[in-house]
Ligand code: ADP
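Given next, in structure tokens, is a single chain: the form predicted alone.
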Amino acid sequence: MTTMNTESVSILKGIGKETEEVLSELGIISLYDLIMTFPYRHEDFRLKDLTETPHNERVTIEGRVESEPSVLFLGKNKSRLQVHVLTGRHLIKAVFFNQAYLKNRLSAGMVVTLTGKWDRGRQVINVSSFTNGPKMDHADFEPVYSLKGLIHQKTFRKYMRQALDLLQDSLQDCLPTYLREGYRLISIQEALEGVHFPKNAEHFKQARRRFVYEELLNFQLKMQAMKKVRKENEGGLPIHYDVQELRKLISSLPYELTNAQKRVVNELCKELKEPVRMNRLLQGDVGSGKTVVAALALYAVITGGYQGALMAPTEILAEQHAASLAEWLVPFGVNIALLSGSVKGKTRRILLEKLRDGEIDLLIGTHALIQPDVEFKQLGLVITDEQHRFGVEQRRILRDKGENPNVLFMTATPIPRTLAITAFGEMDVSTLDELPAGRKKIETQWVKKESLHPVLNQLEKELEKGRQAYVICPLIEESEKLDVQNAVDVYEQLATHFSRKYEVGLMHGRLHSDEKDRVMREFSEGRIQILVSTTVVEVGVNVPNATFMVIYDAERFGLAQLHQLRGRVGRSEHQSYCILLADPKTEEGKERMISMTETNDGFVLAEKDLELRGPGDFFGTKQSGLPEFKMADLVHDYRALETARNDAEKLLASDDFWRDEETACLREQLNESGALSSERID
């Protein structure tokens, strides 16, 4: 960055101490800060044909005044001025609110340029701005910035114009010439002009295209550099596992692994052998078989003489994992222990002694695994299930129980590829994108709320077969603000409806954890036939006998959450059903219901959810790690993201990148990001 770029904005004409302070609050201190403050939209002043202009759209027209203006006063300081204007073949009304003074500036026969909202039905334009005379050739687009304080848009544009003129000859283009020419990207000077003062729509399009690529390239360089530094600076545990023993375990399974499972197991085993710590995300749709993949990775580590740990977010999920892993691994001599908050006193003390002595090969549990007194003899692999349910610090503490153990995070929330690349860009990602053979597609129906009785009849038929059912509600108790079904009311209604025939249970977030575990255990053991619940059953619960689900007010849930909920059924060879009770009021709500009935593929739904809700809402408010881009949009710019990722990998692997003058600016930005410091690696 040149000295001129770092010059204070105070050198600009019109900026005094007070304005300088206001700009500082916006993060604008230097001239470079100013020119890199991009508008969040542009006012479009191109002339439009009203025949092709949709109702309620903002429009700019040129026309001739055909009548003298008339003013209607509506009360104190309120007025409505109206005039007829001929534009093309349209004679329309132009209405100006609270601008009575314009009566003396408008007269029949004069040509005017008007901008405002077009009311197609009434043939009226509600004018927000106008100029006398025909439209000027320039200023088709006017930038609009996110400002506060006393600075107005017009004033800010003047500062921007001055800054661009001052820096025009001193701006350094950080993109190497071969990349710009290869992708036909315009220069930094042209791009800044195109963002702030575009000549036309094409100019802005090319400016945006350049900045999208540059933003994503810088981000991917940072992510790939973090991964590179971690691999170079963190000595891992090269685990020489017994491949013959692993093959015996695979042969003993009651089913053949899917091609996706085989591919992922090979990826994991190959990485375990390397002297670099594994830092990998395993994502897979509901029912794709992540647990058996985890079991094989853990067994490989154990045959190599190390211990394994698996942390789950709830006690019942930890118990389910322990039961599944014991079934597969105990016959092969693996010593498994379960540690949760309910393991106390002498039992806990003996368990921890055995763990320290290396007598326990695999420890499964909840966050109890990260307590200070939990010590391993030689921890080789840490697996965190439903990793987003744990904080970064909790995951770090578990990892630190060993000497740079391999780390595998698992999630059943299918993540669109663009978000996987960004949110988990410093990790390797393995994906199970195939379901085991024999799984039947869950039949999903969207039903209006008035059709509840036929749904209850359908539910009863499933119960008569000896099956079980979930009934999901968005709220726990009645709310005056939200007209939605609540779990307590629904529980009471169903308990009355099915009294003496079937047992109905209630589960929600306000129950004590012991009570939740009791209810869930009774449902798992078949003592409860219908479980009324809020979304606390969304993740991890495995009750193969449950084949029916009703989701009340389904329009209140996002697609990813609906799919996770639906995944609680369809876990056996029996046909399963999911009924969405919903009366969506918006097109987006209707689209979500239709999408759910059309596909069971979580990755297809995840992409649709991202498209409908945007990246900021995909993970929910608790998920951090998504970057904020000035120009790039993760939904629409996914091709640019893929390109930038490939380019970043090639650049970092090239000797030329680290020494060429042309890439010095990219190296400087990378260094400033802290990505090249091993201290930054989590």
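All residue numbers are counted from 1 along the displayed sequence. Owing to the predicted nature of the structure, the values given are computational and were not obtained by experimental measurement. By rigid core we mean the largest C-alpha set that fits within 1.5 Å across both forms.
There is another form of this protein, the form predicted in complex with adenosine-5'-diphosphate, and it is not shown here; the text below is about that form.
Comment: adenosine-5'-diphosphate is not present in this chain, but in the predicted complex one of Gln307, Ser288, Ser576, Ser533 has a heavy atom within 4.5 Å of it, namely Ser288. This chain is drawn without adenosine-5'-diphosphate; in the predicted complex, the residue among Thr384, Asn486, Thr258, Gln561 with a heavy atom within 4.5 Å of it is Thr258. Partner proximity in the predicted complex, defined as non-hydrogen atoms within 4.5 angstroms of adenosine-5'-diphosphate, places exactly one of 189-197, 461-469, 577-585, 432-440 at the interface: 432-440. When adenosine-5'-diphosphate is considered in the predicted complex, Lys516 lies well away from it, no heavy atom lying within 4.5 Å. For the chain shown alone, Arg348 is not a contact residue for adenosine-5'-diphosphate in the predicted complex, no non-hydrogen atom being within 4.5 angstroms. Contact check for Asn542: a non-hydrogen atom falls within 4.5 Å of adenosine-5'-diphosphate in the predicted complex.
Residue contact with adenosine-5'-diphosphate in the predicted complex: Val292 places a heavy atom within 4.5 Å of it. In the predicted complex, Arg571 is the single residue of 568-587 with at least one heavy atom within 4.5 Å of adenosine-5'-diphosphate. After superposition on the rigid core, displacement of the C-alpha of Gln320 between the shown form and the other one amounts to 2 Å or more. Once the rigid core is used as the reference frame, the Cα position of Pro454 differs between the shown form and the other one by less than 2 Å. Once you line up the core between the shown form and the other one, the Cα of Leu253 ends up 2 Å or more from where it was.
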